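Below you'll find only one chain, the form predicted on its own, shown as structure tokens.
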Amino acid sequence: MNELEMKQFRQAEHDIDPIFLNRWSPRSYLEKEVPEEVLMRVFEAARWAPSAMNMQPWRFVIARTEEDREKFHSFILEGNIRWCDKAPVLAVLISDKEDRVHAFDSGAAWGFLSLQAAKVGLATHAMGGFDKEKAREVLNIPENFDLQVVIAIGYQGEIEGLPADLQSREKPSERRPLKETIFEGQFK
């Protein structure tokens, strides 16, 4: 989707870089491998996310082979499997609970990852619809790590590649007005 097409779905109230408006979370993916150097650029960006006391609590467990993706499919809920099964890369974002703000810092890493992915022509979609305990078991994740989200990464596919009931949802979403997000002095 080009910038002109994106304007029918998203318009900023203030001047910002277009990458923030153009990045969205599609569900349709091409079954096309992501080259190593492109994928590592995405994770390199996540590496440089801000971190309280530089603890860098985030880690990513990734699946790129068919065998590893099948393991991930075992704990992703059916509603998400319906669309993410074609994504060539899946990642589970986990965070070390030793850091008091591990979830916050991990969210920053996800944000950096998603923006870099958009910059290199990849689509990303984070999902909370997965069985965390099963994922912990299947991926051998220690108890001191919290599981945040599963992320689909790949090249965006055509809308027709989705089940019919998901096709109408395959568009960028709008955001609430800024005046409903910022409260000065106290929450109103």
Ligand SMILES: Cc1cc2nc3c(=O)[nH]c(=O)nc-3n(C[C@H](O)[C@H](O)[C@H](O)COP(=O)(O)O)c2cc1C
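The first residue of the sequence shown is number 1, and the count goes up from there. Everything numeric in this text was worked out from a predicted model, so none of it was measured.
As for the form predicted together with the ligand, it is not shown, yet the points below apply to it.
Residue contact with the ligand in the predicted complex: W110 places a heavy atom within 4.5 Å of it. With a 4.5 Å cutoff on heavy atoms, G128 counts as touching the ligand in the predicted complex.
Heavy atoms of S168 never reach within 4.5 Å of the ligand in the predicted complex, leaving it off the interface. Contact annotation: V149 falls within 4.5 Å of the ligand in the predicted complex, judged by heavy atom distances.
Screening 56 to 64, 43 to 51, 139 to 147, 23 to 31 for residues having heavy atoms within 4.5 Å of the ligand in the predicted complex returns a single hit, 23 to 31. Along 57 to 85, these residues reach a heavy atom to within 4.5 Å of the ligand in the predicted complex: N80, W83.
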